[in-house]
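Let's start with one chain on its own, the form predicted alone, as C-alpha cells.
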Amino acid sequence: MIKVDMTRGKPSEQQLSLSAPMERLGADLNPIVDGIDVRNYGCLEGLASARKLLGHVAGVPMDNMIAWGNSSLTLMYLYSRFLVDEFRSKNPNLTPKWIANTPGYDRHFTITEALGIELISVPMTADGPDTQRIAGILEHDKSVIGMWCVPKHSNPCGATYSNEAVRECAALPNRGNERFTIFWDNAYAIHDFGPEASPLLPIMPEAARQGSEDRIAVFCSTSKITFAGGGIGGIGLSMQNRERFLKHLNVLSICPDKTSQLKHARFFEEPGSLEAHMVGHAEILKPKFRAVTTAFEDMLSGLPGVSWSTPTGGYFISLYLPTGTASQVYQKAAERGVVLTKPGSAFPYGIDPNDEHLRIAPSYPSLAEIEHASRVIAETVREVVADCRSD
C-alpha cells in the first residue's frame, strides 16, 4: 500500500531547496547594518530592510511594519492577546467574541479558542466574507472584537477577495465596537501559480480612506517563501498601534533575530528576485494542484453534491461532499493509505455542522504520490456517495 500524508500544507523538500543559497550567504554578510550590529541586542521593530521586504509582500508601507521572529502566528497570538486583555480590563463580565469566516484556517481558531474567545461562524461567499451578515452581527453585539481573514488564495478554499469585498471589510470596524479589529492574514500574498491569479486590493489604503486604519492588523511571513521553520514574520499596523504594540513586545523580548532578517533581506535584494523565486515555487506546486483537479474532473464531475475549488495559487483545495459523508471519506481514504486533514478542522471547535468539507493539501508529497492519492480520494468519494444513495 502506498501511504501519502496530506494533512498539512507544508512546503516540499524541493521547494525548501530553492532557498538553500540563502544559508550559504549568511557567513559572508557584514553584520553591521545602518550602524546596527545584527548579532547584538536592539532594533525592536526589526531591520529596515526586513520591514521593507515584508511590507512589499503584505502590501503595507515599510514604516507601518514590524519585522519579528519566524512565525506570523506568534504575532497573531500576541496581538489578539493584547486586544483581549484590553477588552477584559474594561468589560470583566463579558465574553469576547470573534468572527470566524468558514471554512477557515484551523490555527486561527486554535489561537482564539485558547484565549477563551467565543467564535461566531459565518460561511464564506465566493468573493470573500459575507460582510452584510457580519455588519449585522457587529451592530447588535458589541462584544465582538475581531475577525479572521485570509484574503488571497484563502486557506482552505483558495478564494481571493474581490475589490468590493476588501472595501467592505475595511468599512466593517465602523459598524462594531471601538476595539473590533480585522486580522488580515496575507499568508499567500505572492503565492500565485501564474498570471491568471487575481490581484488583491491592499486593505490599508482602503481603511485609511474610511477612517478604520487603527482597526486593521496585516500579517505575513516568509514561511512558505524560504524556510517554513526559519523565516521571518511581520505585522503591519497604523502608526499609532505600531508604537503601542512595540511597547507590548518590549516586555516579551529585547529584540527579534536580526541575523535571519539580514539574510532574507540580502537574498531578495536585487529587483525582481523575490518574484523570480516565487515562479520556482509555482513550477513545483502547479502540477500537483492540476493532478488533483484533473482526477476530480475525470472521476467526480456530475456527481450530486460534490464540488471542489480550483485555486490559482496558495496551498489548499476545498472538497465539498454530500451532507454527512466527509467523515466516511476521510476514514476510508486513511484505510487506503491517504491521510487527509481531519474533518471539521476548518471550522470552530473542530466541528463541521454538515460534515461535508475536506481540506486537500497537495504541496508536500511528490507529484507521483499526489496523482495516486487524488485517484484514491476520488474513488472513495464515488463509493461513499453510491452507498448513501442506495440507502
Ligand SMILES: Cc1ncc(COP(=O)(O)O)c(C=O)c1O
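What you are looking at is a predicted structure, and each value in this text was computed from that prediction instead of being measured. A residue's number is simply how far along the shown sequence it sits, counting from 1.
Another form exists, predicted together with the ligand; not displayed. Remarks below refer to it.
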| property | result |
| --- | --- |
| Proximity to the ligand in the predicted bound form, single hit among 289, 105, 183, 161 (heavy atom within 4.5 Å) | 105 |
| Residue (of 64, 70, 49, 345) lying close to the ligand in the predicted bound form, criterion heavy atoms within 4.5 Å | 70 |
| Distance check, residue 260 to the ligand in the predicted bound form, heavy atom within 4.5 Å | no |
| 4.5 Å heavy atom contact, residue 101 to the ligand in the predicted bound form | no |
| Proximity of residue 76 to the ligand in the predicted bound form, heavy atoms at 4.5 Å | yes |
| Residue contact check: residue 155 to the ligand in the predicted bound form, 4.5 Å heavy atom | yes |
| In the predicted bound form, segment of 139-147, 222-230, 206-214, 170-178 with a heavy atom within 4.5 Å of the ligand | 222-230 |
| Residues in 183-199 close to the ligand in the predicted bound form, defined by a heavy atom within 4.5 Å, in order | 185, 187, 188 |
